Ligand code: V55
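The data below hold one chain only, encoded as structure tokens and taken in the form predicted on its own.
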């Protein structure tokens, strides 16, 4: 087995950014992902190869399919919308750039009364509109504003390509270096390219791609790093109520400026995990991207009281690791429990190592770990425990439990029962944290899977009672795609319905479920 196959999860995360496939089997996409990531992006885009797997190529088209073909039956109590966004380059990326810099392509599967309509639209950000007018790339390097064309000075650099969230009658498309981009929840047409909640946030305030919805109040708890200008070590933490008003805000300083992609929120506390994918000014001066992996730095778990001024934050030093996506978090009996995926090294092998060393695919594999720390009193270290043998860079939960104790998690992963990863099929999994057991459904090796999203049967349904939705890219059908729907309690029994698209689905990094009662009347 080669090093190429060992790096399956994070190399396929690059595909997740470009394609939506988090994990695939032994088909051609695995082997070509590494080559494409390392190749000059000015090379001609790879195309699908019938019968031999498939390579991603940008879609660059907005798609609409009414009354999609359905195998099986859509449950009567599944009504709402499954939304997602991912990077789909508007123009060819510059040499040395990464696919994370593609424009946000937002999609919706609208499910109602047993029918499904599919629609995609680009988020018409200020960046997108400026490039569309100029008919060329004006932002040539990932989060390196020094290289921007002079004509775009003062415009938002947001690509709106990472996550989505519903707020009132909008879908907010998120990119963590900028405010949200607001789209109409029904049409996906852009309403406000720089959405500041009616001026509650500064126009230049970064807004995390992973806000949490408080399980008790419904408020949006969020943060923005580099909050006082490019490269600053200040993080703004804030909460916005359901009317769009800011409830409170605090500012903290981090031990160093690193990729602060996700965080944890409990009933009374907020926690950050600072990892050594750090800002690299020298690299940017050479024309490179914003980040590099600095293995000389440690991790820091920071804990602060929610609703406070941030002055109480405590930073606990730990070993060099990375953790970029939270599955769930809660507090109990004076202890913080923070479940996140952890890698031993650089989580994104297509991002440079500061010391110039080659990618370490073994160290890039993600496993779910539980971080623990006492909420009061000194902590010399934090606990770190591996929870499952699943390679899972994008774990999710029932989002009604974002800030409280929870039992179930969901993810895409290679089949852990196959010793040879080259033969491991792509799976959706449900983990049970109370028993530390899991259930799997294996799609085989000719499928790529996007991050799954949980949809409860009703607003007050018990945790885990509902459906799991995800997109499957058919690698042996030129990436023709399906929406697959599972009974979340019986995921191992396979999909109960398959919504068949006639085309390749648009890209996905993260997705979100909107209940029917959350749509405008």
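Given the structure is predicted, the values throughout are model-derived calculations rather than measurements. Residue numbers count along the first chain shown, from 1.
Omitted here: the form predicted together with the ligand. The next part is about that form.
- With a 4.5 Å cutoff on heavy atoms, residue 109 does not count as touching the ligand in the predicted complex; it lies far away.
- Residue 259 belongs to the set of residues with a heavy atom inside 4.5 Å of the ligand in the predicted complex.
- In the predicted complex, at least one heavy atom of residue 175 sits within 4.5 Å of the ligand.
- The ligand is not shown here, and in the predicted complex it never comes within 4.5 Å of any heavy atom of residue 396.
- Shown alone, this chain has one stretch from 179-187, 412-420, 149-157, 320-328 that lies within 4.5 Å of the ligand in the predicted complex by heavy atoms: 320-328.
- This chain is displayed alone, yet in the predicted complex one of 443, 348, 263, 238 has a heavy atom within 4.5 Å of the ligand; that residue is 348.
- Note on the partner interface in the predicted complex: the residue among 166, 433, 90, 162 having a heavy atom within 4.5 angstroms of the ligand is 162.
- Of the residues in 120-151, only 142 comes within 4.5 Å of the ligand in the predicted complex through at least one heavy atom.
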